[in-house]
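Next up is one chain by itself, shown in C-alpha cells, the form predicted on its own.
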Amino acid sequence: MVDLGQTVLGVEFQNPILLASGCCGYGEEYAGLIALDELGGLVTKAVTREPRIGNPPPRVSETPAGMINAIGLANVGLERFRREKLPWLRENLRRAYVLVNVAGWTVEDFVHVVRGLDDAEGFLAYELDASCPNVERGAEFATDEALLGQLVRSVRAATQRPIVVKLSPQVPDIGRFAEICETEGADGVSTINTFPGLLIDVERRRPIIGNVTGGISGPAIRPMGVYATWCAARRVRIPVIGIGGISGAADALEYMLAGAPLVQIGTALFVDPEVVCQTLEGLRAYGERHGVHRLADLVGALEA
C-alpha cells in the first residue's frame, strides 16, 4: 500500500489532490460527479466583500492546449457564502479540507472578508487571490512587492488561520515574491495563477472573450507552473501548492518532484471530472511500481 497523505498547514491531508478555485464552484456543484470527501480538499470559488456579477459573456473558450477564461470573479459575496455555502461544505466534507479563496479590490476588502468568516466553522485556511489576470487590477497585489507585503501582513493580523497566497506568473522572480509572503507571515503559497492571453476570431476581427482578454490555463502552462513551483520551493520553507495544467498522475508528480506537497486540478475538470479519481489511482500505481511507500518522500526529490 502507498501512503498518499501529506502533512501541510498543520494538518494531515489524506492525499495531495485539491480542486482549484473557480473550477469547482463551492463544492456542491460537483457533489454528484466526484466523491469530494475522498480528495485532499478543495479551494472554493472566490469570495469578495460584495456580490459580483462578473465579466460580460462569452466568458470561456477553448484554446489549442487548454482554455481561456474571463469569469471576472463572479460570486455570491461574503454574506451569502457564509449563510448558504459554508454550511453545506461543513456538513458534507468531513475528511477533505476546505480552503476559502478570498479576493478584493483593496487590502481592506481582503481583511473585511477574512474577519467576516473567521469565527465560522467548516474550513481550514484562506487562499488569497492576489493574482487574478481577468479583472481590473487583479494581479496588482502579486506583482508589486510592497503591496503584496502589505496584503499578507494585514491579513495575518486579522486571523490565526493558515494563509496561502496565490502568486502570479507575471513576475521576473517568483521566488522573491514567495519570500515576501513567508516573511510577512503566510503559511504557504500557490503557484501559479493563469497567464493573461487574448484569443481572436479572425473572421469577425473581434476578441472571442467578452472581456477581450482572459486567463490561459490547461496543459499549455504546465511547464511554466512546474518551473515556478521549483523556483519558489527552493527559496522558502513554507509549502508550495502546485497549480497549472494537471490532468493526470504524471503531471501531479512533476509538481511534487519540483517541491509541491499538494496540487490543485482545475481546467481538466471541465474535460472529465473523473480525472481526480484517475489521478489518485495513478499516484498509487506509481508508488507501487517504484517502491515508494510514502508519497511525501517524493516532494522536492527532483534529481537535477
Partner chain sequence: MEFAAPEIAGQAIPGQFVMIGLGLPGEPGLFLPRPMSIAQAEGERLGLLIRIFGAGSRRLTALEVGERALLLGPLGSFFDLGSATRVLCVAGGVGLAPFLFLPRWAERHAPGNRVHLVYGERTASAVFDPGRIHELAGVEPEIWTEDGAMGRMGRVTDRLDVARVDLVLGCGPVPMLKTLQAQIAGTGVPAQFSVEERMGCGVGTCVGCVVAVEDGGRGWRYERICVEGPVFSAERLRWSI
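Since the structure is predicted, the reported quantities are computational estimates derived from the model, not experimental observations. Numbering follows the first chain given and starts at 1.
The same protein also exists as the form predicted in complex with its partner chain; that form is not shown, yet it is the one meant from here on.
In the model of the complex, every residue of the candidate spot (45, 57 and 60) has a heavy atom lying within 4.5 Å of its partner chain. Residue 124 falls outside the set of residues with a heavy atom inside 4.5 Å of its partner chain in the model of the complex. Of the heavy atoms in residue 22, some are within 4.5 Å of its partner chain in the model of the complex. Heavy atoms of residue 208 reach within 4.5 Å of its partner chain in the model of the complex, making it an interface residue.
In the model of the complex, its partner chain sits beyond 4.5 Å of every heavy atom of residue 264. Think of it this way: in the model of the complex, its partner chain has a heavy atom of just one of 155, 71, 186, 117 within 4.5 Å, and the residue is 71. Exactly one of the stretches 35-43, 62-70, 256-264, 231-239 approaches its partner chain in the model of the complex with heavy atoms within 4.5 Å, and it is 62-70.
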